[in-house]
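Below you will find one chain, with nothing else, as structure tokens; this is the form predicted on its own, and questions on how it binds or moves follow later.
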Amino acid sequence: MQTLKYIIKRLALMMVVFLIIMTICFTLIRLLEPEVSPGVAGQLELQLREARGYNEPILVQYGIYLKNIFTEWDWGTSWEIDYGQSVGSVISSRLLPTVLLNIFSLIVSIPIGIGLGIFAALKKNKWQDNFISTVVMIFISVPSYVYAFLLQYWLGFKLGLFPIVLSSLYDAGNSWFSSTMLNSMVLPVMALSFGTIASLTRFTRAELTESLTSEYMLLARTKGLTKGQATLRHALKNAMVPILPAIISLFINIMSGAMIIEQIFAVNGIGQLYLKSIGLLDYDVFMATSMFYTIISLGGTIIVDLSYGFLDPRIRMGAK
């Protein structure tokens, strides 16, 4: 019962924060005046905007906007990116590339990061550990877009192993699950994975090193377990409690970093759509994409908090 109350409380607070962020984003973007094309198309656009309340005061516009969302699940219309199309259809057509890019990055990053972290912890203070720690610091310090440019130049341009951008392949009608498209996803996935692997390696090494030097490991060894058995049954199991929630946090970081990567590799995804909506002042697309990233961040934070209680029964959520 205590856990249920905690979950309800966190969800209520999440909705409050979500509405505050939505209000701020709506107010700021509506204060910017868009440029309307001249001619018949421009006049039609002005009439449509007036019919949707764009000429009303900000508070009235916001009320109309919220009413359309809560009563009809209508997030508005795109006036610049996909003229006249509903925001829902614009986002849904670009959702799959973003989801695939982030999922592939996690699939690559998790086993490599955890594996390197375990190896470094077992080789603590040896040359292998020092080498891995040095490489990890380098990869954490360099932004993902730097890797993107280097990968494009060396693996894409110089060696010609992978396509430099994805837009031409996508426009040609290739399936996202075809060998051609999967091959073209290699460079953006690598660019996103380097920093994630480094972060996960450092975190895993720190947690496992602490577990290996704890008193219960000494007790396990005195009971007759080998170092490998004690590490696998006790140290690694306890170290995974904070590591697994950290993976969820890394997913949120990948989602935010993917915006720049999508722009560099011309991935027709949500990140590129978000940046375009800002530059073109496409009000409704900007609002919908902003709320997309907001709900992922807020939802991910709650899932991280709840996961501690499910992974470790000793942690009681909501307890004082």
Partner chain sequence: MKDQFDMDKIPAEQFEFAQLDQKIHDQKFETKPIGYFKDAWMRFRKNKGSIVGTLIILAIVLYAIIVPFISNYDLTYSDGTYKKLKPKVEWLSFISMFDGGYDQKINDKYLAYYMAMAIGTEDVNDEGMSYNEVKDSEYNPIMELGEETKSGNTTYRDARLDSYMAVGFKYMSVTQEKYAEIAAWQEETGIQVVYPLIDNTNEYCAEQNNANFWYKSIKSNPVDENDKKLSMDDIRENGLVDNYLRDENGELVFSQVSDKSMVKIRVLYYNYYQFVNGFEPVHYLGTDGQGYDIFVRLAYGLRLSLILAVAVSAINLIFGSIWGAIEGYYGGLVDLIGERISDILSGIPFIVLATLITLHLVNTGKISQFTALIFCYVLTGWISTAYNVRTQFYRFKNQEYILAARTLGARDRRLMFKHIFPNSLGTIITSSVLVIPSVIFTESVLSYLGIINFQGKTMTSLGTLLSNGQSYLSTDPHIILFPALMISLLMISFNLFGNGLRDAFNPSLRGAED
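Residue numbers count along the first chain shown, from 1. Predicted, not measured: the structure shown is a model, and the values here were computed from it.
The discussion below concerns the form predicted in complex with its partner chain, not included here.
- Highlighted residues Val142, Gln152 and Leu275: every one comes within 4.5 Å of its partner chain in the predicted complex, counting any heavy atom.
- Mapping the unseen interface onto this chain, Trp127 falls outside it, with no heavy atom inside 4.5 Å of its partner chain in the predicted complex.
- Although the partner is absent here, Tyr54 is not a contact residue: none of its heavy atoms lies within 4.5 angstroms of its partner chain in the predicted complex.
- Of the heavy atoms in Arg202, some are within 4.5 Å of its partner chain in the predicted complex.
- At least one heavy atom of Phe286 is located within 4.5 Å of its partner chain in the predicted complex.
- Residue heavy atoms within 4.5 Å of its partner chain in the predicted complex occur in exactly one stretch of 76-84, 119-127, 133-141, 240-248, and that stretch is 133-141.
- Contact annotation for 278-304: residues with any non-hydrogen atom within 4.5 angstroms of its partner chain in the predicted complex are Ile278, Phe286, Ser290, Tyr293, Thr294, Ser297, Leu298, listed in sequence order.
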